[in-house]
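In the block that follows, a single chain appears as structure tokens, in the form predicted on its own.
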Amino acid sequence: MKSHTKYLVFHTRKRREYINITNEIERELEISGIQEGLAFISAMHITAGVYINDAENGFISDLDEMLESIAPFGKNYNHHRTGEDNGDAHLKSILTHNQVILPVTKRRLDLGPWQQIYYAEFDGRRSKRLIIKIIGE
């Protein structure tokens, strides 16, 4: 079995951003040479997430509105007693998850129609990492 690891670094301009990383994952799969296996993608921070869904702007807006309604920015979270102001970002990352595992078949990501991979940043404006780990034959 072979493995391939790549780290991506994000430094977003805004506190919240949704970044399509499908092309980067596909590029790393090509570099890996792996034909059959799994691709593991994980945000390496507790205020960011990774999810799979549609790359349609209306959906992304709906997702952002839903997350904001469940975990609004500016609320006085207990977490803020530590001196932080990002309690909402921690909760939003739980709702989107922090990792995904995708099948690799015949040297391609085995995604369904319309599926795209996104990095979701909820407490940006500083550098954060994501790991891509591809394993297989």
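Here the structure is a predicted model, which means the values were calculated and not measured. Throughout, we count residues from 1 along the sequence that is shown.
The discussion below concerns the form predicted together with a further copy of the same chain, not included here.
Chemist: Does I101 reach a further copy of the same chain in the predicted bound form, with heavy atoms at most 4.5 Å apart?
Modeler: Residue-level check for I101: yes, a contact with a further copy of the same chain.
Chemist: Report yes if any heavy atom of T96 sits within 4.5 Å of a heavy atom of a further copy of the same chain in the predicted bound form; otherwise report no.
Modeler: Judged by the heavy-atom cut-off of 4.5 Å, T96 is in contact with a further copy of the same chain in the predicted bound form.
Chemist: Does at least one non-hydrogen atom of D62 fall within 4.5 angstroms of a further copy of the same chain in the predicted bound form?
Modeler: Close contact exists here: in the predicted bound form, D62 approaches a further copy of the same chain to within 4.5 Å, heavy atoms only.
Chemist: Since only the chain is shown here, I'm wondering whether H79 would be in contact with a further copy of the same chain in the predicted bound form (any heavy atom pair within 4.5 Å).
Modeler: Answer yes; at least one heavy atom of H79 falls within 4.5 Å of a further copy of the same chain in the predicted bound form.
Chemist: Within 48-62, which residues have a heavy atom closer than or equal to 4.5 Å from a further copy of the same chain in the predicted bound form?
Modeler: Stretch hits, in order: Y51, I52, N53, D54, E56, G58, F59, S61, D62.
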